[in-house]
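Before any questions on binding or motion, here is one chain by itself as structure tokens, the form predicted alone.
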């Protein structure tokens, strides 16, 4: 490292088992579970428990999903009871645990409760709304689908949004409101809301990236949205009115496409907007502390500080996904998934 940073990334564990590239990881919001998905068409589930001032991760289950192609993405419902998988076979699988009581995950079997069909080609991303009542999916077919979640794994399509002109890479829900964001190969970000007449519509298009927008991450309190791109930048968009967002900051720090970003609460106190982590084709992880300017200042620019960085996070492999653990007490825990098929868990610790 060429600069002294206040924190460093410490490897907690290296979880191997996928036979092909690992595409995404997702932390269960309620239970100590981490899920990963892969081109090998499987989902692997890991349990983690405190052990001698560290954490011990154990592989507890593999779901042979039955998807006929790569499982590209996965998302937990807010209750932590349901897992959605998005596949290159164009379908979305909905999984629930059968048998096994709380704390006895190993006795449980995960069953596919329903298969959501509708996309014409590869599904790239799935995401649950904060209430758990809506699920979004997006695809290379240029569409975003919004599904309403009913009891007994019944899903109703509420809208097919055809606003993008190219492959849609990512969908992400606002942390407390029913606002959906999508990012695309067409270099734009679209924001959608539900019209009282029951039709979902695009109320804003955010432009400024000069190439594919790969990933999106809302700030924990929802007043900002971060996007990462093939143009090697991360943009942070500020909510300046109910339905208006403006670019407030641009971050640089990667030499290749930034495939994934995650915005967590961090461990630096209330005055921080949280920690933004990024990774991508250069194999590097960056962690930024993002703050609003003091109210006394006239500037509107967010302050940002690179607090930790790590090269070759998965040796020579691309890193496809990065995610902060959402559970209380684990705000300094990150997971990554790489082309090497491994899932690695990192802890942000003060530098010595």
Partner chain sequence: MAFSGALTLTDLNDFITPSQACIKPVEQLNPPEELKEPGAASTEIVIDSSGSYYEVSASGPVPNASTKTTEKKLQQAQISLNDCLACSGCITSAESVLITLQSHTEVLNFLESNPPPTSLSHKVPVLSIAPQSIASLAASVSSGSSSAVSPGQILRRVQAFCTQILGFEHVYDTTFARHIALLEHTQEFFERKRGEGKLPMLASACPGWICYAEKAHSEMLPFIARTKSPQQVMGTLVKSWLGSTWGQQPDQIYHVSVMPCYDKKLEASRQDFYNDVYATRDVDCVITTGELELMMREKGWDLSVPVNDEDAPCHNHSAFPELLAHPGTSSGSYLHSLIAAVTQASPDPLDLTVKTVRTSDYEEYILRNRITGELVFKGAKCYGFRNLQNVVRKVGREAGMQVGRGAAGRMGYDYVEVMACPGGCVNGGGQLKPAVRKKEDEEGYTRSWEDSGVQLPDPSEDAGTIQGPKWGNKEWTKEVDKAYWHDLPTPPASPTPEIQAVTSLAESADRLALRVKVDLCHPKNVAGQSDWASAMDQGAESRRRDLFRTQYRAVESEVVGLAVKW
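Numbering follows the first chain given and starts at 1. If you're wondering where the values come from, they're calculated on a predicted model, not measured in any experiment.
Omitted from view is the form predicted in complex with its partner chain, to which the following refers.
* **its partner chain in the predicted bound form: contacting segment from 267-275, 152-160, 215-223, 74-82, heavy atom within 4.5 Å** => Result for this chain: 152-160.
* **residue 127: touches its partner chain in the predicted bound form, heavy atom cutoff 4.5 angstroms** => Contact with its partner chain, no.
* Asked: Looking in the predicted bound form, any heavy atom of residue 204 within 4.5 Å of its partner chain?
  -> Flag for residue 204 set to yes.
* To do: State yes or no: in the predicted bound form, is some non-hydrogen atom of residue 243 no more than 4.5 angstroms from a non-hydrogen atom of its partner chain?
  => Because a heavy atom of residue 243 falls inside 4.5 Å of its partner chain in the predicted bound form, the answer is yes.
* residue 316 within 4.5 Å of its partner chain in the predicted bound form, heavy atoms -> Residue-level check for residue 316: yes, a contact with its partner chain.
* So, 292, 304 and 327: all three within 4.5 Å of its partner chain in the predicted bound form by heavy atoms, or not? -> Result no, not one residue of the spot touches its partner chain.
* To do: Note which of 47, 70, 323, 28 lies within 4.5 Å of its partner chain in the predicted bound form, where distance is taken over heavy atoms; exactly one does.
  => Checking each option against its partner chain in the predicted bound form, the one that comes within 4.5 Å is 70.
* **in the predicted bound form, the residue from 147, 173, 237, 263 that sits within 4.5 Å of its partner chain by heavy atoms** => Among 147, 173, 237, 263, a heavy atom within 4.5 Å of its partner chain in the predicted bound form occurs only for 147.
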